[in-house]
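Given next, in structure tokens, is a single chain: the form predicted alone.
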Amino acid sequence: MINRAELRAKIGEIVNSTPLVDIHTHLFPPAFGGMMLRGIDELLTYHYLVAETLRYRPEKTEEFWRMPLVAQADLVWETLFLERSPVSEACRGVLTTLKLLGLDTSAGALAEYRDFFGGLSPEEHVDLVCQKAGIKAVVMTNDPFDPEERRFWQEKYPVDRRFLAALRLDVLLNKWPEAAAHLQAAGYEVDPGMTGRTFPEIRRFLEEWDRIMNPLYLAVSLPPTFAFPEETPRGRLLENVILPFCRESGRPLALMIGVKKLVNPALRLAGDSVGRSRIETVENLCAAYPENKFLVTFLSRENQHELCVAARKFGNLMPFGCWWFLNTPGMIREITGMRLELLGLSFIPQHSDARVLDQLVYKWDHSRKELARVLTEKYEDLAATGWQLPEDAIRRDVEGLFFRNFQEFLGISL
């Protein structure tokens, strides 16, 4: 009979030591200068903590945005860490990061934390975080409509090989008039009414940026009202340009569905919310385009069971991650357990969605703990049947979840 204590210890060791690919982040490499966010002040002013701070101090909302970054961080620290216990996941994440980077969290010495991060070069910082988080590579979010980012790509700045590209389509698909004006200014023969050479010219735009970025996939964040098919500019662009391009290039399309933008505009980036989406949208896409591949994550908890069931029906659908408001230990346990029970090991359990480099440390530390907990439960159930669980089988399974499933779905090797 298998020793369950030994099994738990072995699963924990394998989960914690297996390197991973973070398939969706908002990170940038050192070559991208100020677009690379790092350090304690960026951690503290991440929009999760901003929203939490302004719950306690709503009267400070307008003043907050006029403050310099350091003053904003000071207010967050005072409000969430000194005036009350920092029990939220976002607060705990800051403390986990500091601890795992070797800093003393018991003293609450904000000045010392600033000195520590200030002493690291960007390159040293990336090396340290990747080592602590067990990261092989991260996939960025790359927007060709962003003038600051576009400059780095067009001037061929060297990109750290651990930072891989994903071509973001939000402006093109969700803000067509803005995208059309941008494309016209860049010399593309497009028309806001989508007549003439509009579709071939957008295809030319995608092909050019595909060559520049070499993205692993194309991606878009979508509202809960997203439907397919739909008689809208977004629907027409998907049918006439995006889906044919993805199919012919072999690039998956990543759909991140369920975000309601700026329900409270006063909070800026912290003002987005969540809504339930329609699974029929994904089913329609997968059925109508069987040669296309779709990476899909929903923001609403209520969509998670539907997504699992849909993935059982379509081999071209890959569920991934516990996104944004679902990236909390309780939700990770629930969603990962359900996916294991319905899909076996044929999904991608997590991505960090990190915007600040240091967030990789806590998001993956916390996610690894929950994944180890859920896997231990499932493996103990297997062991109770008499099924043998050699170490190499467990390691194979964890590697699949952490990077092989992604590689095989894309048909690449990282």
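What you see is a predicted model; the values in this text were computed from it and never measured. Throughout, we count residues from 1 along the sequence that is shown.
Missing here is the form predicted together with a small molecule; even so, the following discussion is about that form.
Taking a 4.5 Å heavy atom cutoff to the small molecule in the predicted complex, the contact residue among 46, 379, 64, 32 is 46.
Interface residue among 217, 323, 209, 117 relative to the small molecule in the predicted complex, by the heavy atom within 4.5 Å criterion: 323. Within this chain, residue 242 is remote from the site of the small molecule in the predicted complex, having no heavy atom within 4.5 Å.
For residue 355, a non-hydrogen atom is located within 4.5 Å of the small molecule in the predicted complex, even though that partner is not displayed.
Taking the partner from the other structure, the small molecule in the predicted complex has no heavy atom within 4.5 Å of any heavy atom of residue 310. Proximity of residue 221 to the small molecule in the predicted complex: non-hydrogen atoms within 4.5 Å are present.
Of the candidate stretches 399-407, 19-27, 6-14, 386-394, only 19-27 has residues with heavy atoms within 4.5 Å of the small molecule in the predicted complex.
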